[in-house]
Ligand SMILES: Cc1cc2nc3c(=O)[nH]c(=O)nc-3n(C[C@H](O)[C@H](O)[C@H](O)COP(=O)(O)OP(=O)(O)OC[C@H]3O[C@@H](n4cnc5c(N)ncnc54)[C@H](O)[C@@H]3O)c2cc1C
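The form predicted alone is given below as one chain in structure tokens.
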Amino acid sequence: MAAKFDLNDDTVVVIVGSGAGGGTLGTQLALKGINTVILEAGKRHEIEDFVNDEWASFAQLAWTDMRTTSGSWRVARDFPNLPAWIVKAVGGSTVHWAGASLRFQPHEFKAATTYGRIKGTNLADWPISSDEMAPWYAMAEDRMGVTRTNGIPGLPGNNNYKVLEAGAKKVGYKEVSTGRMAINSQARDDRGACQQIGFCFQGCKSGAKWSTLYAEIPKGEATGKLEVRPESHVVRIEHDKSGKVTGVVYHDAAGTIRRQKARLVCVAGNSIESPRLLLNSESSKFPDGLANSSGQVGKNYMRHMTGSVYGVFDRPVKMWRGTTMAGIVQDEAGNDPKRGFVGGYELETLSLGLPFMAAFLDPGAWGREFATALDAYANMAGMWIVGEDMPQEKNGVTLDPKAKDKYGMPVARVHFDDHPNDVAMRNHAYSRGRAIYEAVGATRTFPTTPYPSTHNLGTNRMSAKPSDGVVNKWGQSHDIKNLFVSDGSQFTTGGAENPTLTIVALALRQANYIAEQLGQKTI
């Protein structure tokens, strides 16, 4: 039975956000016997509420609150108020994610050491290593039921995968499979196997895909130690005279202002909302926002080097059938500067439905080239490119000087410029993606530009020295001992891999640390 805690109970841990970081952390703390409250800005939609329709699902789940953008990235022109496609609901973006679950490579934790000084970047090494993360990765893979780990078979390949695999092998790639996916290939953890419905981004109607909404949070609630409050939008974190965090102020579903006291606060609102909350929590003691003595809150925003490539064939592919992203080529994921850039990238199957394909192909376009592309939709195969982008101090989240949300708080302004390394990597990936499809007879190939990112990283990064970042190796603020960051904003660098597995592994590790520190009464 889910708990219900008093607003004045200052013994609870308060977590802001219920996604991969917050939902996992809240559940794990509850399992360890710690009273925990998760405040989630969005509604709670259960599996039966999901809609297998792209636009209707987007309207139901997406975070469409006002934001503003600047910078040379294409998103600022095409989607100026939607810099990120994330979920505003219990479960966060684990409702919308595709399920790809890959570990960082060892060198990616030591990017500054590995890549050296690169002009225009703010590269730093993570204060943790792959060896230190290995047991937490193993725990996360078991918890999430990641295929090709723990004896779990891989998912079957759909037509989109078969085209990718055949082309990749023809051009000489070897590391090609349906990937490591947190989607059940066989019944596990009281959830059935993937039914190949194809609407992975719209919330998994079968529950085969891991999400904190139904795979984690109910287990936490069953302990009687976890309360999840939907439609609870946190606007400020409060502190006492000594600077110690004392609780949060939030608006409930009716818009009423509430104040939840806390023993400690963990921020897990994604890499745009988390720094925004810290910056909006400024005070006379912390005039530049909480945890910001380094000036690094909101800086070093990364969104991964992304793009997509589609191939048109003379026969139907029907790429929309089956698991969306169960297909990966990993041969380009390593670091090989001879290619003209540092870091690497993955090529992963992708299928957008016809409505989103039309929106993302070339927003606002029409004419023969656009129309003939859509005419060939049934004969298309698609892949997504995801690679390591470079942290740059100028890229980041600030408070918009004019725009306010419905609660009167300044909205996030997201600035992003590609680094030359990102551009070189993207162009290389486009050429390799086209080569894969041309090798198996594509009559036409076309790359599409990056669309609003789901992989928002950095902005509250981990650092060994307080002057270089926002949190230490445990995600604990350098400045305030009882303030933590528990989402992808703590990433020091982005790696080439989809980030969710690492976010979950860090949350499990952080829960262990918080439990130890609370037991020792050090926080």
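Start at 1 and count along the sequence shown; that's the residue number. Quantities reported herein were computed from a predicted structural model and do not represent experimental measurements.
Another form, the form predicted together with this ligand, is not on view; read the next lines as being about it.
- For the options G269, G179, G396, P391, the residue carrying a heavy atom within 4.5 angstroms of this ligand in the model of the complex is G269.
- Only one of F201, F104, Y115, Y137 lies close to this ligand in the model of the complex, with a heavy atom inside 4.5 Å, and it is F201.
- Proximity of N498 to this ligand in the model of the complex: non-hydrogen atoms within 4.5 Å are present.
- Contact annotation for A41: at least one heavy atom lies within 4.5 Å of this ligand in the model of the complex.
- Put simply, H455 is close to this ligand in the model of the complex: some heavy atom of it is within 4.5 Å.
- Residue contact check for H233: one or more of its heavy atoms lie within 4.5 Å of this ligand in the model of the complex.
- Although the partner is absent from the chain shown here, V16, G19 and A98 each have a heavy atom within 4.5 Å of this ligand in the model of the complex.
- Just one listed stretch, out of 70-78, 83-91, 371-379, 431-439, contacts this ligand in the model of the complex at the 4.5 Å heavy atom level, and that stretch is 83-91.
- In this stretch, 322-344, the one residue having a heavy atom within 4.5 Å of this ligand in the model of the complex is M325; the partner itself is omitted from this view.
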